[in-house]
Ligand SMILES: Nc1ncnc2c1ncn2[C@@H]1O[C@H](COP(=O)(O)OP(=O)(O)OP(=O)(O)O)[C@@H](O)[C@H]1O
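Okay, here we've got a single chain as structure tokens, the form predicted on its own, with questions on binding and movement later.
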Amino acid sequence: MITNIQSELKDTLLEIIDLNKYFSIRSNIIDILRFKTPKKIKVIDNINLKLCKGEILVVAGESGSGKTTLAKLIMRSIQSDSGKIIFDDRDITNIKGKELLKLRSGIQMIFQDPYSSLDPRMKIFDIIKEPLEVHKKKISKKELIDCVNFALKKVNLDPDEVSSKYPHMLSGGQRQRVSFARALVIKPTLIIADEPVSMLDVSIRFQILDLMKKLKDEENVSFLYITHDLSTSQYVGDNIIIIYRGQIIEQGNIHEVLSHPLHPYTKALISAIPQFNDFQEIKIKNEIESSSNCGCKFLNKCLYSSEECKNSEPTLIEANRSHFIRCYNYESI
């Protein structure tokens, strides 16, 4: 993915090539007892992307679009069915065991819910030092304390104030900062942040986003920021991909995509945001999505579809410099 001139000059940290993932489903207990072959649903559909060092790449889309599944595939908590995942010039698609453990010291994940992602039985100090123990970092006790304190200070928490506390004694924003400190303590080069601000008060959200920008600049950490909130993505992101039903439908520089959206789905998402009230409202059909493998995935909800959209699936093309779109009729919308 080429998104802008600056990205072309940066080194690639993460590259995904033709990634696909299917989930198997059985309709009822009878099918299971009869060993009926389960139906397969494609949840990640031929995704290609690049994330450069020192970049915040936004992955946006509605709930159920496949954003978190993509994160799990990158983290290797689930296995892809086909395609490649290249991290720091190394193919990590099928690594296992000790190699996988070593990989996860370079890629860390921050989860959506700061209330359930921290062990309520552990003190904050123990929560943050745990990754150092899991990854068997051979350091002295003093170095361990220094590492934990450094991570807490980086996320604007006072070690003397919070280290001996339990998670329930902290606010939601503080807990999420602890999650960042836990990820940061082993010095990863990539952090996957899965909806990290969606459960926080509005007044706290931009503090967390500012923290992401600070860590990118000061610690050279790259971020894959997963969200359904386009208003926060514009504030923090460099580039963006829009996902619909497991497929990238639009991508490019974040300010270009949000200022001049081309796909009707992207336009509908943006027109629903109050601060983007200059955009004309774009409506979509309230119909059930088609499970057909032929044609555009957005066909049943699009008011601008043509016969071509029914017969073949559009490919991702470069509409403008560094702005890619998957739509036959974007020029006429």
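Heads up: residue numbers just count along the shown sequence, starting at 1. Computed from a predicted model, the values in this text were never measured in an experiment.
Below, we refer to the form predicted together with this ligand, which is not included among the displayed structures.
- Among heavy atoms of N48, none comes within 4.5 Å of this ligand in the predicted bound form.
- Residue contact check for S63: one or more of its heavy atoms lie within 4.5 Å of this ligand in the predicted bound form.
- With a 4.5 Å cutoff on heavy atoms, T69 counts as touching this ligand in the predicted bound form.
- Taking the partner from the other structure, this ligand in the predicted bound form has a heavy atom within 4.5 Å of a heavy atom of V43.
- The stretch among 55 to 63, 261 to 269, 297 to 305, 28 to 36 whose residues place heavy atoms within 4.5 Å of this ligand in the predicted bound form is 55 to 63.
- Using a 4.5 Å cut-off on any heavy atom, the one residue of 180 to 206 that reaches this ligand in the predicted bound form is E195.
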